[in-house]
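Just the one chain here, the form predicted on its own, laid out as structure tokens.
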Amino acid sequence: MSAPAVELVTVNVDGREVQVPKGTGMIETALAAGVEIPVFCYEPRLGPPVGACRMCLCEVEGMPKLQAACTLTAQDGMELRSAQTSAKAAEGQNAVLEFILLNHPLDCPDCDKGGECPLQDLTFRWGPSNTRMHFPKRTFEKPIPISPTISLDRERCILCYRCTRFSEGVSEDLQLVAAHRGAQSIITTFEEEPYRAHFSGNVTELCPVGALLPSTYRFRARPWEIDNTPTVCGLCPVGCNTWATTREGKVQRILSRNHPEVDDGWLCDKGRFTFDHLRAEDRLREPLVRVRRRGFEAVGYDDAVREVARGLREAGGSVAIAFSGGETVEQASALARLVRQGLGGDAAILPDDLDPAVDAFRAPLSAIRDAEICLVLGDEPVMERAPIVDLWLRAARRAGAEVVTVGPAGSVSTPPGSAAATSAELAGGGGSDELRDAGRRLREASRVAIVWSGDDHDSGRRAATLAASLGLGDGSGLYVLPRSPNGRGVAQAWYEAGEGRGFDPSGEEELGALIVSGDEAAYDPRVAQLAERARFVFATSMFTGDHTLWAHVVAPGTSYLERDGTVVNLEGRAQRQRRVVDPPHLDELELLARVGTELGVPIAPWAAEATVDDHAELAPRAQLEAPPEFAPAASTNGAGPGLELVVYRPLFSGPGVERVESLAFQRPAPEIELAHADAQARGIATGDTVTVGLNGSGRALRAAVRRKLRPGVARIAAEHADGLGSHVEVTKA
């Protein structure tokens, strides 16, 4: 289908003629003519302009009054004069700035926004040089902690409504509101509850003054003392582009760095605030070697390297790696070469092992927003696995797309673990009436987005088969959400170091050696089983945990902010992580290079020069050599006593988040989600204390009733599910 012809119109801005597509906003039209019109409230990502601040007042030929340029669109023959050429517009603009500064405190030397404040900059450039007002300014209580991570200073607020528009129209959490009217208007949280949302920190960047600021950055640095390093977040598979702010060799804050195809300039609170884990008191800072009867003993790197080389050499080729998925491609390559080429091992636990067939349907994440219909499959909430993807889905819905969710809490209700069977039914045109109808609409649409959020076996292959059966073409995309931040890059590095996949270690035979790479590798229950069978265990970790207690040698690990390297996000886009601060010890790549020297395997101790730009482009779609075929889906027999339990991994979890005090309120509460029908049958309401378990034993949790959850199913965060089986009974305490 060919794109419709674009109608161009001619607009005159300050005497300069420019041609732009009809309907283009006048702020962008003026920029195309080389004219800057100052703004406060205007932000295209927030939706239609509201003209709240009036800073963009301009004179338009044929209109008697000054107009807010942000609310105008380009029409043929329009003549607009900004404050640079119109005395009338300049007078109006000066009056707006004078009005904004009427009660605004002149506390720039104390304000954390000072030096990077749009109000400060525009006042110097466009505003009056003195004031006519000589009376006490209005004051409020300050600062107000609207959450443990955000402070509100109402004295500085200019009521641009950027924050409330984000809360209402982008994240859709509806927690920030404007209360009262007229001169008494204030920004506050709904019912004055703490601002507890996955994306709350974005309002601190949107605020054009110092009214909303991150509490974690208060009084830590000034703009002339800091450095900003471009990097990529390493905490989820989206790979958001970020700026890391440092002062005196320490990370002080994380800001978004707009990549319009990946994150659109938004950042979740995990990516924004977790950097404080670098300063955790229990962080490992030197190698540890197990000493019989005395636990662990700190040693130098030379001794640790010799002990690791000895343990791996004596394994006799019986070596396995447990990857965390947080490694850079270079780290994973070094480990894979060490084992596959140096030691003769061929076994690895890969957190994500996507079939390359998914690359035939590769598309930027921004294509979700432009889809006509979005299909979401899987048991795990997209918000918890890849939060920015959830924002793209919300943007698609606001743009008029139909979003069909299929799962235990979806608009099409299916049993837990049935994504594979459901995709087969969609591909074959079978299933329930709802599924058949959804499949028909998917085939008829020209732009489709499929999001697979679950841990079904061979999910990549099944997702690619579904995409092929639906005939996804250009403008459509397939997005299989990995479990780990760089799972795709790690799997790719493992494959390239040897001949294919190798094998997934299993069975009960003794294992010569096990390498546990990173703190989050221990989340896979198979790793504990392997550690019990291994004669020698080598672990790299930032913090102590179960996996370090299994180990014979523990080497201190690094954060993504302390590494140089390449990561591959869920789209298949290779991006560059940069070392923001130096680690307090050798990083993993340097350590592996020294171990490789001992074992005769050459490994470069640093990542190669950047091979991707700061805003990396997505590689073209791979060629689909043959249409994939469905393997028979495993049966999803949910039969059992009580309710079937769905366990999900929450976004605000993991060893890093656990060590950031300001994020404690974001971590999942000890609660269990119940379907409305199941709660009603048991006389349970939201907030009630319930006993969860079987055979008369259980634990006390808070109940949360969800109307969208499928009857017969209960859902719980992984950190509160320890010891619970696949089925539980829930009774009111």
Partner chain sequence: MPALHLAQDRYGWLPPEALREVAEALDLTPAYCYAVASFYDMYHLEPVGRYEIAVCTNVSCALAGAQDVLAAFERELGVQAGGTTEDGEFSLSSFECLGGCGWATVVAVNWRYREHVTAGDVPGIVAELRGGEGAGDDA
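Bear in mind that the values here come from a model prediction, so they are computed numbers and not experimental data. Numbering follows the first chain given and starts at 1.
Separately, the form predicted together with the partner chain exists; it is not shown, and the next lines address it.
The partner chain in the model of the complex comes within 4.5 Å of no heavy atom belonging to E155.
None of the heavy atoms of D433 is located within 4.5 Å of the partner chain in the model of the complex. Taking non-hydrogen atoms only, A399 never approaches the partner chain to within 4.5 angstroms in the model of the complex. Taking the partner from elsewhere, H180 is found to have a heavy atom lying within 4.5 Å of the partner chain in the model of the complex. The partner is not drawn, yet in the model of the complex one stretch among 463-471, 191-199, 552-560, 253-261 has residues with heavy atoms inside 4.5 Å of the partner chain: 191-199. Note on the partner interface in the model of the complex: the residue among D458, D564, D370, D173 having a heavy atom within 4.5 angstroms of the partner chain is D173.
A heavy atom within 4.5 Å of the partner chain in the model of the complex is found for exactly one of D355, D346, E168, E658: E168.
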